[in-house]
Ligand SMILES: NC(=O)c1ccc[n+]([C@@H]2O[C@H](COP(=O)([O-])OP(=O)(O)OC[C@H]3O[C@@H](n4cnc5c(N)ncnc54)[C@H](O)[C@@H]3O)[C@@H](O)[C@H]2O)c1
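In the block that follows, a single chain appears as structure tokens, in the form predicted on its own.
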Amino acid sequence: MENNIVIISNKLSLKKAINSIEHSDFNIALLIDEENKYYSQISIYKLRRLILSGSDINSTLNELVPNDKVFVFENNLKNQKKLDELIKYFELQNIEYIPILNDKKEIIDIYHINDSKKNISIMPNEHKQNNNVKNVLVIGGAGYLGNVVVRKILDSGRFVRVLDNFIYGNQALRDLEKNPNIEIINGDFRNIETVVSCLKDIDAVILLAAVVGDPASKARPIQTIETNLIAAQSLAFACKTQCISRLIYASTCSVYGKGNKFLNENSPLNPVSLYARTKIASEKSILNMANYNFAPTILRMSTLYGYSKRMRFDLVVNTMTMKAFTDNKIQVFGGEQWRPLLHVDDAADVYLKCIEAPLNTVGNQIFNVGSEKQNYQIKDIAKIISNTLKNITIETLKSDIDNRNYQVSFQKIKNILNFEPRNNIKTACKEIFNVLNEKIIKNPKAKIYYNHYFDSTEEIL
């Protein structure tokens, strides 16, 4: 049989069965008994529902899953009337893949139900997927990065469930509300009941929701700990409990704080803010939960830039571009500090890559996300924007208000995920400047565009 649907023993435990399916190309498994006879077909979603209903993850499948009573034997393929009856039954049961049995009830082939209507032929390649991730939960999907990630996943043909408390408004997803492949839920992921309900029938979780940035964390320290640490830990535990292996956690390169050399994923961490400390604590907590059925991925993000439907003007490139537009001047505080930068669209590509990559490649891994070509000193960022926008004045002020200073190595993500950014500061600042010039954003100083205000009342779009 030339397919990758897993065929497993009905004596396998619930926990090991879920893991076997997650490492296959499909969301189902065919069960056989000790005599190699076909027993039943089960989806990973039904197995996870068994966990939620209180079943022991160490129970064997034959204790939990009933034996199928309807089969397609090889000789049924010659009887069109009988075949049509069987196909109708499978359609009503929402069964997509049909095992074909010989007279000993052994599986001799597997067909896709759509092909069975065409006199059944070997399952063609177009019915195969890169992996079995069909349904993705994006927590924080209405945010600056989140809405871009959501669009990438939708474009890949997958279903997306978004959980967001819309603290900065819901304008970023309004154009997607009628898309049949998206479900948008207004809720706070600090509520464990909300989280557990949102995990239903989900294959992968992307956690973007957080109190993001040093100013925002200073403004709301208690909320920062609740969201960035306690809620993140609870989510990870919920994923582990439901045997959802893929949790992609958005961390930050701010965990490095200060460093004189190129810093890789194994370099010492030197946080200089509450924001960075909560991210480090969450990284450790999530990775410590890893086991046979839980293989999280940590993405340490560079400082993002570029236009997004939930725009931010509290990021260095975006701020400088906005100031060039409103004041015809760019202010640089200090200027010697190094930062790794990354366009928001390129960042979103990485989350899709992690979903599509084999779990063995990205599970239980930490990746710095960015490009060594885009390690910049703050003063050089200002020069690029000034030159691109036709010699905008640069005012340099002595300041140590932000003492983060780090250059980062991105060799790991380049080698393992073949990631190379496509965007740069020049094109991004031009796009942002045009958005402002064309009044797509009317008031760039409104609170909605700054994370530390936690306010959407001045939303003007």
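Since we're looking at a predicted model, the values are computed, not measured. The first residue of the shown sequence is 1; numbering continues from there.
The form predicted together with this ligand is left out here; the points below concern that form.
Residue contact check for K200: none of its heavy atoms lie within 4.5 Å of this ligand in the predicted complex.
Taking non-hydrogen atoms only, T252 approaches this ligand to within 4.5 angstroms in the predicted complex. For F90, no non-hydrogen atom is located within 4.5 Å of this ligand in the predicted complex, even though that partner is not displayed. Using a 4.5 angstroms limit between non-hydrogen atoms, R312 touches this ligand in the predicted complex. Only one segment in the set 377-385, 358-366, 74-82, 143-151 has residues whose heavy atoms sit within 4.5 Å of this ligand in the predicted complex; it is 143-151. The putative spot formed by I167, D188 and A210 is fully lined by this ligand in the predicted complex; each residue has a non-hydrogen atom within 4.5 angstroms of it. Think of it this way: in the predicted complex, this ligand has a heavy atom of just one of M320, L247, L235, L304 within 4.5 Å, and the residue is L304. Checked against this ligand in the predicted complex, the residues Y111, Y275, Y256, F294 give one hit for a heavy atom within 4.5 Å, which is Y275. Of all the residues from 226-242, the single one having a non-hydrogen atom no more than 4.5 Å from this ligand in the predicted complex is T227.
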